[in-house]
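The chain below stands alone and is given in structure tokens; this is the form predicted on its own.
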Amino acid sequence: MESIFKVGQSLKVLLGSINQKPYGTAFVEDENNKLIGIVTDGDFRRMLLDGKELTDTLEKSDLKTFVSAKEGEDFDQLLKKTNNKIHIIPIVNSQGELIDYFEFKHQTKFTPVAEPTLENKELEYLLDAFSSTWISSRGKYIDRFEEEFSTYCGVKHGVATSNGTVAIHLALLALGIKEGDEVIVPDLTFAATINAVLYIKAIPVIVDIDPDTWTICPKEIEKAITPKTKAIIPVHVYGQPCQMDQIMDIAHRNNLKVIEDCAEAHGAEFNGKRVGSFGDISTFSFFANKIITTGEGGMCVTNDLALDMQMRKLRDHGMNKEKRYWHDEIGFNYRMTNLQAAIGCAQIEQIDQILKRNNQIEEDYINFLSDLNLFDWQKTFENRKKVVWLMCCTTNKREEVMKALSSNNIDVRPFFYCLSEMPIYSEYTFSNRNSTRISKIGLNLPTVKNIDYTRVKEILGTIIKH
């Protein structure tokens, strides 16, 4: 059993034991191989907060009382010893030696629409950053995360930011978009896209989406261009890549800048290239519900060294890189912390597994629910490799589906409201026929582990009967 730990060993060794199966728990034995305690990842964090160092040893006095079972106890006896906090019960023989363990996770009462996947080295890297005392906006994990994520996207430079919204703001500023300039945005997107344009007092121009892809329509972009148009922000909404060849052609012919908003599409591809590698600058979000996360956080990626340097300067208060505390221009504190970046480094190591798991979730939904004839699933296209962020579909019975699932503690989300339908943005509308229709019937189902598809089908079956 790999998670056995001997009292008197260092906490660093203990951390390795906690990361073994069963994940999040280490069984502690004395010098005579007798089980004397259990340490969870929560116990480990509390030790560090109480002043312990990774080089310190674990002593018997550090251990708390624990629940165990004797060899031969039946399932019901073992189950009674578990609760919402205790889900791993060590089993010992008559000599008190660990011979096995019983694990039972009580079914949660609530299924969220998304949750972070923190099953790699997130805790290890986070504690390393914590122990280094570099917990703010400098440290080895910042540089590492910027390099590894931009490389993953197929781009030369990455600038980590405090969130995805400020990443868009930073990109607009670095590209020289200013007050009165027009910036074309899609109608179906989260409000951060248009808000960043309004921050700099530029004029957003809201255009319609393609009815099949739900992404910004290139024909509508071309119609909306005026002499004031300076940039386009295509959004790879719900993991679906935009038609980037046409968009880039339009941009080149009209001397426009392109900022790809990739907040929901980490790892998606168009014509074999990852999203984020087409635009002048591309932006990502690492919010907790995104494909990979740093809790909060974002990044700008670019192939242009001058833009990279300008974004770094603006991100760091506009300070001159050669003359500390001398500010050449008004900047911002848009920096990511080393602690967040440490989590990000662990996340990027498992992004392919996360995407594979989400694809399987989509496949399972379709296999289980298609015969209900309630949903039209998000489409795939020959030249695009979409990724599954949330499980996206459309249905003419959206309200009934949402009510049925929500009443059974399964979280579902409608598509974003169209920007054009909200009074604070409606004046900027150019076109919105498809977007308003899709927005009203779009639905996101949960993309989390251990979904009970049979139960979901049973719940939705009641809608068919009525």
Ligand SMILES: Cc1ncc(COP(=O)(O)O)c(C=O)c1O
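Sequential numbering from 1, following the sequence displayed. Here the structure is a predicted model, which means the values were calculated and not measured.
Keep in mind that the form predicted in complex with this ligand is not shown, yet the notes after this line are about it.
J.: Going by heavy atoms within 4.5 Å, which of 315-323, 361-369, 284-292, 93-101 lines up against this ligand in the predicted bound form?
T.: Correct option: 284-292.
J.: Indicate whether this ligand has at least one heavy atom within 4.5 Å of a heavy atom of residue 395 in the predicted bound form.
T.: No, no contact at 4.5 Å.
J.: With heavy atoms only and a cut-off of 4.5 Å, decide whether residue 163 touches this ligand in the predicted bound form.
T.: Taking the distances in the predicted bound form, the answer for residue 163 is yes, it comes within 4.5 Å of this ligand.
J.: Consider residue 184 of the chain shown here, and say whether it contacts this ligand in the predicted bound form, taking contact as heavy atoms within 4.5 Å.
T.: Residue 184 lies outside the contact set for this ligand.
J.: Look up in the predicted bound form whether residue 259 has a non-hydrogen atom within 4.5 angstroms of this ligand, and give yes or no.
T.: Contact with this ligand, no.
J.: Give me the residue from 302, 240, 337, 189 that has a heavy atom within 4.5 Å of this ligand in the predicted bound form.
T.: Only one option qualifies, and that one is 189.
J.: Of the options 275, 159, 168, 232, which one has a non-hydrogen atom that comes within 4.5 Å of this ligand in the predicted bound form?
T.: The option sitting close enough to the partner is 168.
J.: If we check this ligand in the predicted bound form, which of the residues in 297-322 reach within 4.5 angstroms of it by a non-hydrogen atom?
T.: Residue within 4.5 Å: 297, and no other.
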